[in-house]
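This document starts with one chain, in the form predicted alone, laid out as structure tokens.
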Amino acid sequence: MPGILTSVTIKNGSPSMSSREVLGMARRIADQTGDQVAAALVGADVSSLTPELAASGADVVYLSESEFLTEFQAKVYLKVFQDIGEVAQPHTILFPADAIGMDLAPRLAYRLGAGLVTDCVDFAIRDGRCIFIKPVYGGKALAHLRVTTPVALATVRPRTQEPFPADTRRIPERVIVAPQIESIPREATVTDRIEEEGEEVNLEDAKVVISGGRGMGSSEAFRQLKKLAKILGGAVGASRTAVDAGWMPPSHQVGQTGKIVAPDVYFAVGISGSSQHIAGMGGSKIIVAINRDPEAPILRIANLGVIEDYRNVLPALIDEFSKILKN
């Protein structure tokens, strides 16, 4: 029996990066505890993804397929995960801290009477047990938490773990778990999909993120950020104040209550740097802050700080990057 079960989110027909990261974390835990790693593969026509999950670290793949699982429905997926849990009997269940994981994990923990640790960024093994590590107090401290219930659940913050190096030689055991969900009423029906304009690069997967905050002053000002992002092949983010002002959609919000990003380069333009915002981008490798306020907290964590009005800086950046990348 596997000891660790991971949830897999399907995105554009493939396991999401966050799912592969969680699978990598499970593999690293198992390598220290001697457990097996299982992946719960749930959806419609997803069986072809089994080899990819095996290559990413899964010893066992629990497969539950149905046309009713084409779109995520919380109550339906909850029943499927509960059924998979009863078959797999894991002592630890890991979810990516994406929209599906954050929805399902608390529900499943309640059903199982299990302890749940949310927003984990790392783990440690003590006396053969997994200790979950998560930021607290706005990222100023790390809490080390051990779940004492027989089954432990955790959500794992994206970009805090590395996917396991692909090993295509791994042959997984595949277990079919027939979904018993036809009697569960659907809460919503997807009738159409409209891709958000300008979302060429996924914010959470982007290597370069250019975010704007209150200092941008208007939604029109974000056009420059989009232009720079397009040149650099990056994505545009926003602080909560910019989203609350209606300058950018909520899907672009970076922070504790938004998306967690950890790009190679993060541009913080007109962002003061609240603890909530830093909690969402503090894992960025290089932080470039552009702010005319020399006392802005973001400058304390920035690798490069430009104390200047963004309107004087962005046009020059756009021109220079255009020239460099053109050549």
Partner chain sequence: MHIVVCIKQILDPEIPPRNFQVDQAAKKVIPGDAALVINPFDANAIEIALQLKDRQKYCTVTALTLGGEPCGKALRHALAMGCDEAIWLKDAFFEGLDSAATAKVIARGIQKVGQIDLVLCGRQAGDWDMGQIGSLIAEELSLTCISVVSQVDVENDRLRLQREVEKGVEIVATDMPALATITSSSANQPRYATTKGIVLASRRKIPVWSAQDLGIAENLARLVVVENLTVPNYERQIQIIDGEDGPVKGTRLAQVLAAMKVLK
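Positions refer to the first chain, counted from 1. The structure presented is a predicted model; accordingly, all values stated were derived computationally and were not measured.
There is another form of the same protein, the form predicted in complex with its partner chain; it is not shown, and what comes next is about it.
Original post:
Looking at I181, V87, L145, V175, which is the one with a non-hydrogen atom within 4.5 Å of its partner chain in the predicted complex?
Top reply: Selected option: L145.
Original post:
Three residues, E52, F68 and K227; all within 4.5 Å of its partner chain in the predicted complex via heavy atoms?
Top reply: Not one of the three qualifies.
**OP:** Determine whether any heavy atom of M17 comes within 4.5 Å of a heavy atom of its partner chain in the predicted complex, and answer yes or no.
**Re:** M17 lies outside the contact set for its partner chain.
**OP:** Although its partner chain is absent from this view, report whether G43 comes within 4.5 Å of it in the predicted complex, heavy atoms only.
**Re:** No - in the predicted complex, heavy atoms of G43 and its partner chain never come within 4.5 Å of each other.
**OP:** Check whether D83 has any heavy atom within 4.5 Å of a heavy atom of its partner chain in the predicted complex, and answer yes or no.
**Re:** Contact with its partner chain, no.
Subject >> its partner chain contact at R107 in the predicted complex, heavy atom, 4.5 Å >> reply: Contact with its partner chain, yes.
Original post:
In terms of non-hydrogen atoms within 4.5 angstroms, which of the given stretches 264-272, 44-52, 27-35, 57-65 touches its partner chain in the predicted complex?
Top reply: Looking at the partner contacts, the answer comes out as 264-272.
Subject >> Interface residues of 313-327 toward its partner chain, as seen in the predicted complex [heavy atoms, 4.5 Å] >> reply: The stretch touches the partner through V313, A316, L317, E320, F321, I324.
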